[in-house]
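Have a look below at one chain only, the form predicted alone, in structure tokens format.
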Amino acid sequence: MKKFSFAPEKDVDVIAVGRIAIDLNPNEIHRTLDKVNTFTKYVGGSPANIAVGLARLGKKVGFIGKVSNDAFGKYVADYFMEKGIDVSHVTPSSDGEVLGLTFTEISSPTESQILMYREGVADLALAPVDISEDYIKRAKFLLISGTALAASPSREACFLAMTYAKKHDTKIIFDIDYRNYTWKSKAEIAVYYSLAGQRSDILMGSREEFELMEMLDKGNDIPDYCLADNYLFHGNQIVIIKHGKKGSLAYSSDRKAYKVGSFSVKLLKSFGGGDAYASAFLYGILEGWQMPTSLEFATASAARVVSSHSCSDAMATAEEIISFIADSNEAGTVIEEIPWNQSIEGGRSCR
């Protein structure tokens, strides 16, 4: 894969756009939410977690978003500043919007439920007027979260940000990040997801999210490489399709395909790994690493987070991830280059 190159005046590694929320993770685990008495509060939201992960890895990170004009809004802004994330474009809402709340249930190490409160949330109040062309042109990458496309004016703000990114050769990462809240129909999801996916340079999401983007029925037999081909054709350099416990598949524009496994750890929860994976993978790309090295680093970071109680607080430094890999008996075995036309289930043909 050809390495990404950037103009020397680009002094910000990644600017993330979208959802900043509060995660409330249960202190009493292996029980349902109605049986939980206490929770621990963390900064949450997929793009927020990815931003924290990149900052922990030593990258220069900015964020564009809206937060509530109250103590919780101050809490997340202060947390970002503590982690070294630029908050000059994180602004308080003006019409009483609140931070989204996410209550998580850790039913077992492999089963988790998420309950989100998303009515009147501040992140979806982000408007085109909040998007600075001068800010975006400073960035190497712009990270767009699919949740931010779920409603106006956040939807228009994101597409304006992508327009500025294209104008100034800022590469676009589209993390599909589907949440069923706020969306009005499957057709609406497909329209805006596919429009964003056709504008990005790196596209990542679960198999289910790609099916939503393509309006495919469940149980369809379209192989992953066909989905990847579609978005590589539109200009993406990398497409990553995740399959949960089965791992993921990564495709690059030079027709290389990789099957990504996972490191064995003692699981605590089954969520949060995707955000750690994304931040660590982007770190590898920014460092100029080859795909297999970046993917191994990413899946190692994910393994650390799913064995921890938090998501944002559990993001590791590069040294910690490298040490984790070095100490594992599985180092060098979790990434496998595979034939292009091989899927998780085996080789099939595009129709």
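This one's a predicted model, so the numbers in the text were calculated from it and none came from an experiment. Residue numbers run from 1 along the displayed sequence.
The following text describes the form predicted in complex with a small molecule, which does not appear among the structures shown.
Stretch-level contact check against the small molecule in the predicted complex with heavy atoms at 4.5 Å: of 52-60, 303-311, 66-74, 283-291, the positive one is 303-311. With the partner omitted here, the residue from Y193, F263, Y225, Y258 that has a non-hydrogen atom within 4.5 angstroms of the small molecule in the predicted complex is F263.
Contact annotation: of the candidates G235, G84, G247, P153, the single residue with a non-hydrogen atom within 4.5 angstroms of the small molecule in the predicted complex is G247.
At a distance threshold of 4.5 angstroms between non-hydrogen atoms, Y251 is out of contact with the small molecule in the predicted complex. In the predicted complex, the small molecule lies farther than 4.5 Å from every heavy atom of H168. Taking the partner from the other structure, the small molecule in the predicted complex has a heavy atom within 4.5 Å of a heavy atom of H243. Of the heavy atoms in L267, some are within 4.5 Å of the small molecule in the predicted complex.
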